[in-house]
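The data below hold one chain only, encoded as structure tokens and taken in the form predicted on its own.
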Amino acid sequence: MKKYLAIAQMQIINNIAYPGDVLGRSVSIAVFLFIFAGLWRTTFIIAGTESINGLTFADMMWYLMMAETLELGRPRTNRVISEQVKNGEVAYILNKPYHFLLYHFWFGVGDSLMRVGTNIGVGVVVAWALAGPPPSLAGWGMALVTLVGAWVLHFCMMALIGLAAFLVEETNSFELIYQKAVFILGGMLLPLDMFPEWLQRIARLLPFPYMMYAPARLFVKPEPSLFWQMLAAQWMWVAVLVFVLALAYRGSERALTVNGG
């Protein structure tokens, strides 16, 4: 484990060396929250109610804060792998004494830790100013536990898309499709509670809600039964995607054509 922890540590140090860049990227969460605050405030006024499907304006803002934190802090593994394939660096990484996917996992951990931390810091300040104090400590605890599973699921999907670079090199189009699926079926733009019942049932059969909706929903409405249900579904999907990722890696490694020097 020492070599993988060293990879994560190296990336954390790289981020610390450029704090302005990390903070600059976190400003976008403030912009998103201000925009969503205007939209949802108007929605609640037009609806003439303080609660929509059990969620108040404050709940919506804190839900969106956690969802945006996850979206902006998720690993961009596919972009890293794609760039390594295009410039030939992948040949050096494959010859190193560590597993290619574990290298990118711990690289992503180091990259995401500071992003998630700064996003939460900026997001809490903005959401508190717009909607009042944050949820209870129980909400924080359940959200942080399920955030781990959500991050691992994001990594698995990003790594699967990244392995497509072994065949096609450029993966941005696949990432765009995946991102839109998470936005809609994952509850990024709207909590699943706002969806028709039939669409909620379909969404819950897919991995996307457990990447975004689970931690954000538990953050504002910490329900023990929902927590255990979401946690079990998260790690079931982690097991499935890790198995698929292992098979995909074995197949894509044989198809790799290395470019560059």
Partner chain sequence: MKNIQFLLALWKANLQASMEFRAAFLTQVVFMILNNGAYFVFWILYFDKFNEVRGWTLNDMMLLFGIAACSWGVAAYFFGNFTMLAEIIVKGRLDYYLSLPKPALLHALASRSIGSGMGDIIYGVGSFILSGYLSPEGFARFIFCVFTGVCIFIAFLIIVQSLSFWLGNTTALSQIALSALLTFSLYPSALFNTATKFILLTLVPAALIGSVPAEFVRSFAWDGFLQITAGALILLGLAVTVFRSGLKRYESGSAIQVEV
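Quick caveat: nothing in here was measured; it's all calculated off a predicted structure. Positions refer to the first chain, counted from 1.
Keep in mind that the form predicted in complex with the partner chain is missing from the display, and what follows is about it.
Participant: Can you pick out, from 27, 226, 232, 206, the residue that has a heavy atom within 4.5 Å of the partner chain in the predicted bound form?
Facilitator: Comparing distances to the partner chain in the predicted bound form, the residue within 4.5 Å is 27.
Participant: Looking at heavy atoms inside 4.5 Å, which stretch does the partner chain contact in the predicted bound form, given the options 186-194, 132-140, 108-116, 72-80?
Facilitator: The contacting stretch here is 186-194.
Participant: Under a 4.5 Å heavy atom criterion, is residue 176 part of the interface with the partner chain in the predicted bound form?
Facilitator: Output for residue 176 is yes: heavy atoms within 4.5 Å of the partner chain.
Participant: Looking at the partner-bound form in the predicted bound form, is residue 31 within 4.5 Å of the partner chain by any heavy atom?
Facilitator: Looking in the predicted bound form, residue contacts with the partner chain include residue 31, since a heavy atom lies within 4.5 Å.
Participant: Taking the partner chain as it sits in the predicted bound form, is residue 180 in contact with it (heavy atom to heavy atom, 4.5 Å or less)?
Facilitator: Answer yes; at least one heavy atom of residue 180 falls within 4.5 Å of the partner chain in the predicted bound form.
Participant: Since only the chain is shown here, I'm wondering whether residue 36 would be in contact with the partner chain in the predicted bound form (any heavy atom pair within 4.5 Å).
Facilitator: Because a heavy atom of residue 36 falls inside 4.5 Å of the partner chain in the predicted bound form, the answer is yes.
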